[in-house]
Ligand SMILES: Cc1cc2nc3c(=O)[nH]c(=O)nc-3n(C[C@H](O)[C@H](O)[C@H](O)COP(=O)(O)OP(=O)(O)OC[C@H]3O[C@@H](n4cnc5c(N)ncnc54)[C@H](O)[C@@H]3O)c2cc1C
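Below you will find one chain, with nothing else, as structure tokens; this is the form predicted alone, and questions on how it binds or moves follow later.
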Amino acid sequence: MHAVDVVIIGAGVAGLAAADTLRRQGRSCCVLEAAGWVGGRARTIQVAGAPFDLGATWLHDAARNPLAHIARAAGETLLDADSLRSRRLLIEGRPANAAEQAAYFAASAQFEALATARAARDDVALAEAVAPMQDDPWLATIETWEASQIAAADSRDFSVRDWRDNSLEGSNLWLPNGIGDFVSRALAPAAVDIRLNTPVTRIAWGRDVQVQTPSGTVVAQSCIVTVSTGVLASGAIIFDPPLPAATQAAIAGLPMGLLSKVALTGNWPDRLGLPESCSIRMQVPARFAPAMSFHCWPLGAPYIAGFVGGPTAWALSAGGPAMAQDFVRNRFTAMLGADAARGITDIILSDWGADPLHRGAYAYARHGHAGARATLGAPLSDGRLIFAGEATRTDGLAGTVGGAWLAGQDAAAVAA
């Protein structure tokens, strides 16, 4: 006797989508979540009385993002982030002039052309694909943005084909109260049976699926696993029988990238003279050098958001909060000056890398492993075991909450 038709591991966006889809199809299911909240890496907290997303911030590629359509249908306010944001490019703390900005845009076009052409031939590292630009003074800046800041990946390890396949287009939308708030308030109720603080330790996927937790065992016909590839690679969940070699190789080929977010509050009476929703980037002096970007007063919020990704984010995560805060202060000083840095009163850090329940922000494919997403998403044992989440998307929405939602829906269709 099955306790439920389908057991879902993880109450992130993919898990919630799977549960919603199964309920609509009349199938019984439960969602087991190790954390004490729903939404996974889509989580909103309050900073100085304003929402701050520790994880996902925007609904990317809005025209084909299912969450944008769901939010509109629910009457949520959606704002076009691209039209609201202004951008500043700095060189050693000063604004780039018109000629320098033109050189930057020309270098960006060359970067895209080189990477796209190389991806059509073979699957090397992104850093190798753009190596012909190594003497261009803007390469380090563009490479940092495209790899560390967007894909949360080290360009020396990052598949150029994965970069090409997941280069997002279209508009980016803001939910003023935060994506995490929207997920927990508007999406989670449809899942109905969510069991928080219930980590899964073992999944037996023989004739019946038996999922072991400290609270007992859940028996089902099928199991949808939506935990991150970082958790899968850690061995925190034991699979019996062991996963096929191809699935294990796919997990190894899809490591977790890290994009850490920072919220800075401070005593800045004139808001540093910077307009609302102003994004600031600084020229990176050398390839693979540590870097950050800042987003000042997003939607008028009383804080400055910061972003640091890739190898630098992992190093700061390993070094601990004090090291990370020192780094943030130093980068803030370099970009906005010592007087501005002295006004900082608090630094709030996300740290998905140190969180054992996630072990990173989102997955990227290593060079030579661009096909790993499809392999990981292939159902096993006639749909008895299915992996789903942003890491399994092959439609260009990998690494996004929209992609996670679609992955959950697809997995539910197979399980049903």
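The structure displayed is predicted, hence computed values, not measured ones. Counting begins at 1, following the sequence as shown.
Another form exists, predicted together with this ligand; not displayed. Remarks below refer to it.
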item: Heavy atom within 4.5 Å of this ligand in the model of the complex - residue from Ala372, Cys29, Ala361, Ile386; value: Ala361
item: Single option in Leu264, Cys223, Ala115, Leu259 placed near this ligand in the model of the complex, where near means a heavy atom within 4.5 Å; value: Leu259
item: Ala365: touches this ligand in the model of the complex, heavy atom cutoff 4.5 angstroms; value: no
item: Non-hydrogen atom contact Val160 with this ligand in the model of the complex at 4.5 angstroms; value: no
item: Any non-hydrogen atom of Ile344 within 4.5 angstroms of this ligand in the model of the complex; value: no
item: Proximity of Leu376 to this ligand in the model of the complex, heavy atoms at 4.5 Å; value: no
item: Within 4.5 Å of this ligand in the model of the complex, all of Gly10, Leu54 and Trp352 (non-hydrogen atom); value: yes
item: Partner-facing stretch of 196 to 204, 131 to 139, 76 to 84, 102 to 110, counted where any non-hydrogen atom is within 4.5 angstroms of this ligand in the model of the complex; value: 196 to 204
item: Stretch 28 to 61: residues contacting this ligand in the model of the complex, 4.5 Å heavy atom cut-off; value: Leu32, Glu33, Ala34, Ala35, Gly39, Gly40, Arg41, Ala42, Leu54, Gly55, Ala56, Thr57, Trp58, His60
